[in-house]
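First, one chain by itself in structure tokens, the form predicted on its own.
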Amino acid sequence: MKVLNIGSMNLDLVYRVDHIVQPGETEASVSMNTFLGGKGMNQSVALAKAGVEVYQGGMIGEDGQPFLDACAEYGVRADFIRKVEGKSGHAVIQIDSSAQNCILLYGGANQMLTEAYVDEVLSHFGSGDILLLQNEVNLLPYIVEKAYEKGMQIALNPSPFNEKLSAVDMTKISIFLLNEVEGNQVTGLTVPEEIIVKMQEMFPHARIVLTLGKDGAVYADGEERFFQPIFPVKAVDTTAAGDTFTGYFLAGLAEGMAIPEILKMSAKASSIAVSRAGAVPSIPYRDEVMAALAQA
């Protein structure tokens, strides 16, 4: 089983602020740093650090060499990354004194996928392989259709949730990985239990992973349901929390681990990530996660 992630690669411009800037307000930042990020890159690094061979697909701009360097450093296969004219995607991120964030995205090269490119990449994968997607690249409906035709397991993190997702045939998704805000946007409901029930009604053949911030995470499919509490830590930067959870969850799934053990590993990895600054640099390696679990 191979894992392919056709996803975004962003240069994250991270500003530390006392509070998130309000409309019409000007605020001085405490610090500014540039990190590698983008949901695609974050989740691929999490998969690689969890010990799974993962192939990153997508486009970078003329400023995108740091992504290729990071793939080499962290063990992400970069065979299918292509460089195009113009700028890579980037994000402007504010992080306040309580570690909450707000993010402004610029798509850049992430929005330059072509159908010919998608066909070429998918030709290297087949039935049972996992395809991980988010909503930070273009051609999502086309990618889903073609991957479904090949019998791939399609995992979707529907973030950011916007009108583009309405064109995606969600009945072809095998695994949904989403937080409670995205769960509300998909179902129109706010109570986690009601979100789970509605998701199962809408997508009866899918596996659902709903993360609930400080309230933990819930897994549900047609036969089983499991709850995983968080491992409390002092949060420094929550930017990559969900992406770390997603990467570790799919890594465990690819290895055939039991769902409760996957959830525990994913929660611990996420708790370590939020205790550090940055997106890609904050994601822990598998050895560190398992050692921390052994001490818990």
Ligand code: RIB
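What you are looking at is a predicted structure, and each value in this text was computed from that prediction instead of being measured. Residue positions are given as counts along the sequence shown, with the first one as 1.
What comes next is about the form predicted together with the named molecule, which is not displayed.
Contact with the named molecule in the predicted complex, defined as any heavy atom within 4.5 Å, is confined among 21-29, 268-276, 282-290, 6-14 to 6-14. By the criterion of a heavy atom within 4.5 Å, residue 105 is counted among the residues contacting the named molecule in the predicted complex. The named molecule is not shown here, and in the predicted complex it never comes within 4.5 Å of any heavy atom of residue 247. Proximity of residue 44 to the named molecule in the predicted complex: non-hydrogen atoms within 4.5 Å are absent; the residue sits far from the partner. Contact annotation for residue 57: none of its heavy atoms lies within 4.5 Å of the named molecule in the predicted complex.
This chain appears without its partner; in the predicted complex, the one residue of 165, 93, 144, 71 with a heavy atom within 4.5 Å of the named molecule is 93. Of the residues in 215-247, those that come within 4.5 Å of the named molecule in the predicted complex through at least one heavy atom are, in sequence order, 239, 240, 243.
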